[in-house]
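Given next, in structure tokens, is a single chain: the form predicted alone.
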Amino acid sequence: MKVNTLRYSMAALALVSLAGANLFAADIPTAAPKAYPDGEVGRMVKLGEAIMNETDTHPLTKDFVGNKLKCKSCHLQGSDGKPGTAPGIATWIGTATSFPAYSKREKSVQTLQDRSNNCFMRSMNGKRPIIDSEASVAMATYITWLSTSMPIKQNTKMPCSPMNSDRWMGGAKHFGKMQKKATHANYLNGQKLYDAKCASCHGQDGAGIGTFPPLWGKDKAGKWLSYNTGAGMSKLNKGAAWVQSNMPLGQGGTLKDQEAADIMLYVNAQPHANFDLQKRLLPKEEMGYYNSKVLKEKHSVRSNFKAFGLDIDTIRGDHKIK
């Protein structure tokens, strides 16, 4: 099978190999197909792409978003400028080939729409959209388009692109071992590194600058700016894996292991909204069926640190956080 050579072009960046997990893979495709599909399918692809770029302001999704993030804040633009085509962890290229896939978090087999909609509850700090709404279908259509001509290989372990699953699993395991050993000194080093490598884009206070997304805290009106404690980025191990693979922007794979771990220790020790699954679901009569066997789930900054055997007060060393 011949595949568009542009989509499979080699990214001219370094490789980082951790515990068998290639967190920045130079052979990951970095561009969408050259042409949109015809007719209504093409319209839906374009609509999905627009939603990914404008999630917090787009008329079809803004009411389901509770912060200042967009899908492209995590699913970065690749060489073609389209969301989700960057080669680091969180590429959408290949994602559709894995679905339906098993999710350990939901303890059920999830569709691509389930996966995208659930992200609104966590990374977007909002509500889960209605599964067969135009927005939900459009997002799934766009992500599916990015896997054009790629073979289906359903994932029995996690709802993730085959480009990402080994990197996520290996990276999470590797950084999990590191974070369990974290101390206040790591927090202080993370703050120093954040100031030097991250603050110029994300702000000294984590509120974001211009088009660069916020990482923690609230705005002047008291609205949360970034992901909540149920998001993958809020987990000390997964957040570190994502950051090493993607940041600084355009320099993915340049952070050393301890640098990535300490930066996310610092970032995730800052204020983030608590996560309560039941409060993130629409009323049943409006939402319809929720495809999960896990119906109760709560997280806080404190509990996320406790999951790694860490006390948030000891790590921060200056004041308590709820």
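Residue positions are given as counts along the sequence shown, with the first one as 1. Nothing here was measured: the structure is a model prediction, and the numbers come from that model.
Omitted from view is the form predicted together with a small molecule, to which the following refers.
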Which of 287 to 295, 35 to 43, 274 to 282, 49 to 57 sits within 4.5 Å of the small molecule in the predicted complex, heavy atom basis: 49 to 57
Checking a candidate spot here: are 75, 139 and 233 all in contact with the small molecule in the predicted complex (at least one heavy atom each within 4.5 Å)? yes
Give a yes or no for residue 214: in the predicted complex, does one of its heavy atoms lie within 4.5 Å of a heavy atom belonging to the small molecule? yes
Verify the contact flag for residue 168: yes if a non-hydrogen atom of it lies within 4.5 Å of a non-hydrogen atom of the small molecule in the predicted complex, no if not. yes
Heavy atom of residue 146 within 4.5 Å of the small molecule in the predicted complex: no
Is residue 178 one of the residues lying within 4.5 Å of the small molecule in the predicted complex, judged by heavy atom distances? no
Of 109, 130, 188, 249, the only residue with a heavy atom within 4.5 Å of the small molecule in the predicted complex is 249
